[in-house]
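Take a look at this one chain, the form predicted alone, written out in structure tokens.
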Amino acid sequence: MRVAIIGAGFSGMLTAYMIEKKGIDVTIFEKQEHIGGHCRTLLGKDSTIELGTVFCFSEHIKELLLELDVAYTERFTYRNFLDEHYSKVEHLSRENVSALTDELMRLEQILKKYSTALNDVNYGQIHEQLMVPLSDFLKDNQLDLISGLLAPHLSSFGFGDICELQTYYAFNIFNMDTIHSFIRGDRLLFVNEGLSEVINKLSQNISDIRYSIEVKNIETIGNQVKVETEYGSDVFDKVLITTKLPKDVIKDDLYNQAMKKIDTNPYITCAYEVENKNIVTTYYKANLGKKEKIQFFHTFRQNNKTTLVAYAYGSVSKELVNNITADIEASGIRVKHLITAKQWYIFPHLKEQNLTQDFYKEILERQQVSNICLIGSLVSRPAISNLYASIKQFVAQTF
């Protein structure tokens, strides 16, 4: 049996690793010259800088790290919030803590009604009441404090403004366990040498990775699937797609229509060396969900060197990077120099006009009978720990 995987991000690499362990031949096609996707770590003499995914929720993922012998730590992270004047403000006032507790209890009861739609590791059938923007859902259920609680995190991690993000995605990403973890300030999991170390360990167990090879055409020919690139073609028994492809690449009406409808959010990260001082993760409340505005930053401090990584919506440009730099300096931080500015396209999802109740259900049903499958964040919430659970389940059921 021969399997092709399109995309060498975390999902693609993990899938290849798990399939190859079963003795199945796997070929990965990656259009970039490097692998790892959002698991991107910059290494220097005195620093380890995460440019993409920073941390993980420990559920599920520890199993993989132990198997790969990847060292990790779990530690608390502290968070500041700034207003439009760059002054520190509380995330929620102390007077609202009791009311927030009541809202959380009500939310938990409300979400039980949708448990079937929200509890699987993959997206599936969507309840019609979850297809509205999160802000509308919370307003209709008089959950104003939870709105203020969730908005900074959903926005800052690249999922968008709660006035546009559908409730279904929001509560898949931030389920009740995740919400309580953030409120309690639970420890988060960090890979000691950076998440690129996970990719490196996976790659050492994968025989055929093809770099800078963009796939131009995928079509079923009899019981096999032909994969074409600029440099030739090959046939496989199964093709697994982990990333959004341009329209008309997949010669399958359902999948091709899906690729046309799936959107991503343009997002950038800017890494700086800054003055060595005690700086914690900071959210800019006035900018939440806004394009071309810094959302938050986190810092790495190693060997008396402090690196700050800032996140913003938009496309890399001199003007945007300069604006991010100015906001950081207005927050009282002295920037020594810019290390890099990296463009990302994150969170594959459907906007309100394209999302239907059956969208993901139809894809999952097609995959039961097709030699072409969509996996990873195309059909599952994009947290690393959840992607691991999703891929593990898919491989066990399919191979």
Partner chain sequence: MHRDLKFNIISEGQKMGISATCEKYNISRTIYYRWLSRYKTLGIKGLDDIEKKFLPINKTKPEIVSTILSLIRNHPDYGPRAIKYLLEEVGYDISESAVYNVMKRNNLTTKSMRIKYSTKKDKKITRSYPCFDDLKSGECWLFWTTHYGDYESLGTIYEYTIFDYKSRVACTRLYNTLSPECFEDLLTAAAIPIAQTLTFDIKHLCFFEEHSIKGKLKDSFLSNINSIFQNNGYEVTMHLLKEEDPLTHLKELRKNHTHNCLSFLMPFIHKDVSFNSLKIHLQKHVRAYNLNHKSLYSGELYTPVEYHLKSTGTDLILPLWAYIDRKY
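Numbering follows the first chain given and starts at 1. Only a predicted model underlies this, so the values are computations on that prediction, with no experimental measurement involved.
The same protein has a further form, the form predicted together with the partner chain, not shown here; the description that follows concerns it.
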Are any of the heavy atoms in R184 no more than 4.5 Å from a heavy atom of the partner chain in the predicted complex? yes
Does L92 make contact with the partner chain in the predicted complex, using a 4.5 Å heavy atom cut-off? yes
Is there any non-hydrogen atom of Y231 lying within 4.5 Å of the partner chain in the predicted complex? no
Should V97 be classed as touching the partner chain in the predicted complex when contacts are defined as heavy atoms within 4.5 Å? yes
Is every one of K88, N278 and N304 in contact with the partner chain in the predicted complex, taking contact as a heavy atom within 4.5 Å? yes
Just to confirm the contact call: exactly one of 278 to 286, 245 to 253, 258 to 266, 215 to 223 touches the partner chain in the predicted complex at a 4.5 Å heavy atom cutoff, so which is it? 278 to 286
Residue among V121, L130, I328, L149 with a heavy atom within 4.5 Å of the partner chain in the predicted complex: L149
Could you list which residues of 45 to 81 come within 4.5 Å of the partner chain in the predicted complex, counting heavy atoms only? F76, Y78
